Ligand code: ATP
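This document starts with one chain, in the form predicted alone, laid out as structure tokens.
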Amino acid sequence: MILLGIESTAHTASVGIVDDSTRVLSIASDMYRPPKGGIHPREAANHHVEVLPGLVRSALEKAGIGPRDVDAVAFAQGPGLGPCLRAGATVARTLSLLWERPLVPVNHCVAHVEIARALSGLDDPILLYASGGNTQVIAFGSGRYRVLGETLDIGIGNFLDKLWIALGGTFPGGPALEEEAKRGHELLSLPYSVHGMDVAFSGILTAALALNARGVARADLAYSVEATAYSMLTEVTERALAHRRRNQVVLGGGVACNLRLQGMVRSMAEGRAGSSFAPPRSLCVDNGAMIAWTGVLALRSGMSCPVESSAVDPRQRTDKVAIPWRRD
């Protein structure tokens, strides 16, 4: 079985092709980069409309296959930016009708879970999902992925982008801030906002901007932000492990590419006689292959939908999606 998956939830338009053994046959991606500030949903959607047809062709060529070899078309149904989701869904519907193949809707967050779980070889780990718009600690239970903890305000990636742009940088902020943090040494005092299993980042953003206005070194500020925010994520992840009596963690989402975060989670897991796993960068960031792989799992379970029932859902929650391919 071969599936083509389309990812278009935010700034990245991506087409991936995988087979039913989790082999990634190809990924073709193109990221919208605003000239200044953050993501403008309509402009990002226009970008996706322009590049997706070419990405489909490129993915097929890289995989060395044609439309006849594709068994179904999967797409990210939500959550995400509405205009961006609709751009990808429209292309997916068109291909489904043109190629006469099943259309498979996929939850973006679940896709991050499933590609990480498949690549890690771990059957039932805790997932720390850290991306631009989402920050969640997730575990499987009773037919769904359950959110054990999450951000109470903005996603960790959104926080890092806002901060870096305010410091004079450009979008995306996470990778640039990571490089800046490597040059920092002084740990500055910042709010540590953990509320049980949940976290919050807006207070850290406000405090960091205040420190910047006082003239603290940008490298020290970046270092302190990473150390504080990632300690928060590591703490709630450890609490989830204790609650579920687990000792294995997988990471997903663009922020999970950060080596400091990976190292902190790894040290925590190993301290509990466990382990952690982060996919390679190409499969950690938003990508079409994770959509395609989750489409394989869904299609195996009989999940597909007619075009007329394929509306996107920008606020679709991880814990509202049925997962029939897993058992407790």
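As the structure is a computational prediction, the values presented were derived from the model and not from experiment. When you see a residue number, it is the position in the sequence shown, counting from 1.
Although it is not shown, the form predicted together with the ligand is what the next lines describe.
Participant: Which is the contacting stretch out of 21 to 29, 313 to 321, 6 to 14, 300 to 308, given heavy atoms within 4.5 Å of the ligand in the predicted complex?
Facilitator: Heavy atoms within 4.5 Å of the ligand in the predicted complex occur in 6 to 14.
Participant: So in the predicted complex, does residue 133 come within 4.5 Å of the ligand, heavy atom to heavy atom?
Facilitator: Residue 133 belongs to the contact set for the ligand.
Participant: Do residue 107 and the ligand come within 4.5 Å of each other in the predicted complex, heavy atoms counted?
Facilitator: No, residue 107 sits far enough from the ligand in the predicted complex that none of its heavy atoms falls within 4.5 Å.
Participant: Applying a 4.5 Å heavy atom distance criterion, does residue 281 contact the ligand in the predicted complex?
Facilitator: Yes - in the predicted complex, heavy atoms of residue 281 and the ligand come within 4.5 Å of each other.
Participant: Is residue 223 near the ligand? Define near as a heavy atom within 4.5 Å, in the predicted complex.
Facilitator: Looking in the predicted complex, residue contacts with the ligand do not include residue 223, since no heavy atom lies within 4.5 Å.
Participant: Just to be sure I understand the contacts: of 77, 237, 96, 258, which is the one whose heavy atoms reach within 4.5 angstroms of the ligand in the predicted complex?
Facilitator: Flagged contact: 258.
Participant: Heavy atom within 4.5 Å of the ligand in the predicted complex: which of 184, 174, 102, 149?
Facilitator: Looking at 184, 174, 102, 149 one by one, just 174 meets the 4.5 Å heavy-atom criterion.
Participant: Can you tell me which bits of 225 to 245 touch the ligand in the predicted complex, meaning any heavy atom within 4.5 Å?
Facilitator: Sequence-ordered list has one entry, 230.
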